[in-house]
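Here we start with a single chain on its own, the form predicted on its own, put down as structure tokens.
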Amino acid sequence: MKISVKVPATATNIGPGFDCLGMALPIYNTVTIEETVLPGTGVEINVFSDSSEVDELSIEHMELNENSLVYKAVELLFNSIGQTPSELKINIQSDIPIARGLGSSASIIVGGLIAANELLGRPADEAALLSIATEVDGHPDNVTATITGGLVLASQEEDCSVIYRKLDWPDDWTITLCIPDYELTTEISRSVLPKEVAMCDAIFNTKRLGMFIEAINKHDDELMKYALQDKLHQPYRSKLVPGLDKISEVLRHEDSVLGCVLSGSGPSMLVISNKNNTDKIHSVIKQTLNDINIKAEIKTVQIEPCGAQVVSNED
């Protein structure tokens, strides 16, 4: 039996929602798991890519053994029903750029989980899949958006369960995505964050996250401009992302632009705006990065409403 699952990229944090806001984006990985018939062959993992945005060197450095994230997720699912994965072939079609803050790891974890769950006859419900995926990934924001699609507010509770709610993204708010041609690992990006923050900064983000949810619910452009501000992670990480502060400052004066934020831990950026001025946004980003000799893929997208989906099921 062979199962293929198509999984979207994700952007997280989105300004004030550190480790709790996530949105699915229309870039995809496909994870295929096949039961092999030869006993004793163990688990084989392969990674392929047709995308020019995925660095071959990054693929070469991915774990392709029992230490890989996809295997850990699959193993946890098998173990949850008293089984051990044995003869499996896992192929990953990787078209989400790696180490760019776009949830490539989360997509592989979720793709492997859902494919394995299909192989096993769907013993795990959504809650169980969310719990296992969060355990492997470390945070609920990426994996929840990957599973559900759309925009989500997610929290992992003390009992390891995940509570989430989907938020309705306004149709006329668009996202211009900038993917620089260099990597920034989550480990490095997290290393620059302080272990403690000032109470005033925590209060600032609490207010902004409340504004974010209200701006979404009421489709309030002006409130969203305030809501996308952050003091918990972006001021520290911006030092690792050349051009981010300059792009934010220039675009702040454009009426149609609601804000510029890091995607996850970076270095990818999201410019959130109305749909009527995306050419100017592309121009500002391109010119700013050209001035500092950084190449980037720039494209305007809408949120991906669908989460991970089984696209092939072969007996």
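Since the structure is predicted, the reported quantities are computational estimates derived from the model, not experimental observations. Numbers follow the displayed sequence, beginning with 1.
Just so you know, the form predicted together with ligand HSE exists too; it's not on screen, but the next bit is about it.
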query	finding
All of 2, 30 and 112 within 4.5 Å of ligand HSE in the predicted complex, heavy atom check	no
Answer option from 89, 139, 72, 231, heavy atom within 4.5 Å of ligand HSE in the predicted complex	139
Contact assignment for ligand HSE in the predicted complex, among 238, 131, 205, 186, heavy atom within 4.5 Å	186
Exercise: residue 218 in contact with ligand HSE in the predicted complex, heavy atom 4.5 Å	no
Residue 288 within 4.5 Å of ligand HSE in the predicted complex, heavy atoms	no
Close approach of residue 19 to ligand HSE in the predicted complex, 4.5 Å, heavy atom	yes
Ligand HSE contact at residue 264 in the predicted complex, heavy atom, 4.5 Å	yes
Stretch in contact in the predicted complex with ligand HSE, which is absent here, among 140-148, 195-203, 123-131, 90-98 (heavy atoms within 4.5 Å)	140-148
